[in-house]
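As structure tokens, one chain now follows by itself in the form predicted alone.
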Amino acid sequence: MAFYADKDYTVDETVLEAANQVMAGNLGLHWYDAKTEKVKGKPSDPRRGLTYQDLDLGSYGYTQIPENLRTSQSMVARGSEKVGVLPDMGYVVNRKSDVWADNVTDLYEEDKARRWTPAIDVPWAELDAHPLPAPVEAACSQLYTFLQECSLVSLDFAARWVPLINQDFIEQKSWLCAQMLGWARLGEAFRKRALYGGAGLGRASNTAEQGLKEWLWADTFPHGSLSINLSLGGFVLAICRHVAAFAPSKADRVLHGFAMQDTARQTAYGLGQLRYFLSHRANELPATQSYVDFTEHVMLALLGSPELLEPLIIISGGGLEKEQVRSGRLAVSKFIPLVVSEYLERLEAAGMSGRRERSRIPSVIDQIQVAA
């Protein structure tokens, strides 16, 4: 439903008169003595510049944000003076523990410092100088098609929640916006790589799409962040690390080196947010365990997708010859349990003790056999 301001300002004579008075030189300066705290922010490290951590000062700082925001529903910047009737923005996330992580400002500043540009930072010409064998190039195109699906759902998750989170959490919302830029950048890089080699895009994965939608539409931000930031972020990080190790070209190696940086930050926030949430809301642990019980099957939907496994095998082995496929299968057989192990370790580190014993995933992947 549309929102309409309390008056039509094109016919409000008081607004026009006020503007005319100011332009005539009659400055009211009512803002000059705003009842706000007077501070002076300085960079703690001149080489790094002025950061959000340097501005964690008094009423302007994020340390003093209360757990429950009951009187701040407008878009007013935290710490400024509130005058008159301000619009209620209808924020639905108003608890700090729902979104906060102790590392969120560090991750935001790091993201800005380490941004890269797919158009020029990936050595695309290497693919012209050293073309890949057709099966390997086709496998790369399929893999990057799969990774685009993961990128887009991660971007959509952050975009879905930004307007719903209270404006007082400006540093966390800044981080979500950085996430959107990061996943847009990764989506761009994956798409360009899929199309540059001449094989075109591959086939979408039905199981991955179904699972990713389930994670995306989690009812709460903490549950969605657990799924998208921690679980999916860690999953994509593992893929990028694996492909970087078996990279068929310099372009692929460089691309995945950058991608590892971006997805590592995503995963770090997911772990930090879950840890903060559970440390401040211990009573929510049973519900969170139940949520993971119900939704972690998505990890298997991703890991078991032929649209992922087959290109990984071909890339890892270097081709479609029998021995190449055998070598690739052996490499991927190590990749699968490693992904699951790291996923469970992160949950345990965030405060979900006993997750390894409770999870259904290890027993399922144990059934995946590598034929001789």
Partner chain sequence: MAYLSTTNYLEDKNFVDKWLYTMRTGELDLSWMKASTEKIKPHEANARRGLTYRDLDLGSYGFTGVPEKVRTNRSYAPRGAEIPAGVPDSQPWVSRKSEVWAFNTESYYEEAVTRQWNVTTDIPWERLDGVELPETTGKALSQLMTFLTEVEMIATDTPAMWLPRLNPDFIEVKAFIAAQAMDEARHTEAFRKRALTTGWGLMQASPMNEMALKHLRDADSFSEMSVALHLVAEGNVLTLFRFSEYLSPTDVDKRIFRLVMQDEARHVGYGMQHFKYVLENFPEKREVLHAHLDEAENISFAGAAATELTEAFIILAGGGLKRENIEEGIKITTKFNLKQMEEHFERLEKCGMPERKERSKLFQMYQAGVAAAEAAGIKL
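Superpose the two forms; the largest set of C-alphas matching within 1.5 Å is the rigid core. Numbering follows the first chain given and starts at 1. What you see is a predicted model, and the numbers here were worked out from it, not measured in a lab.
In what follows, reference is made to the form predicted together with its partner chain, a form of this protein that is not presented.
Legend entry - Option touching its partner chain, based on a heavy atom within 4.5 Å in the predicted complex, out of S231, T288, Q148, S72: When its partner chain is considered in the predicted complex, the option within 4.5 Å is Q148.
Inset, instruction - State yes or no: in the predicted complex, is some non-hydrogen atom of E188 no more than 4.5 angstroms from a non-hydrogen atom of its partner chain? - result: Output for E188 is yes: heavy atoms within 4.5 Å of its partner chain.
Inset, instruction - Give a yes or no for R203: in the predicted complex, does one of its heavy atoms lie within 4.5 Å of a heavy atom belonging to its partner chain? - result: R203: contacts its partner chain in the predicted complex.
Legend entry - Touches its partner chain in the predicted complex: P135 (any heavy atom, 4.5 Å): The answer is yes: P135 has a heavy atom within 4.5 Å of its partner chain.
Inset, instruction - Using a 4.5 Å heavy atom cut-off, state whether V93 contacts its partner chain in the predicted complex. - result: No, V93 sits far enough from its partner chain in the predicted complex that none of its heavy atoms falls within 4.5 Å.
Legend entry - Sequence-ordered list of residues in 103-142 near its partner chain in the predicted complex, where near means a heavy atom within 4.5 Å: The stretch touches the partner through Y108, E109, K112, A113, R115, W116, T117, P118, A119, I120, W124, D128, P135, A138, A139, Q142.
Legend entry - Threshold 2 Å Cα movement between this form and the one not shown for N26, core superposed: Where the cores coincide, N26 still shows a C-alpha shift between this form and the one not shown that is 2 Å or more.
Inset, instruction - Verify the C-alpha shift of E348 between this form and the one not shown: is it 2 Å or more after superposing the core? - result: Not so; E348 is displaced by less than 2 Å.
Legend entry - Residue shift check between this form and the one not shown, rigid core fit, E357 Cα at least 2 Å: Where the cores coincide, E357 shows only a C-alpha shift between this form and the one not shown that is less than 2 Å.
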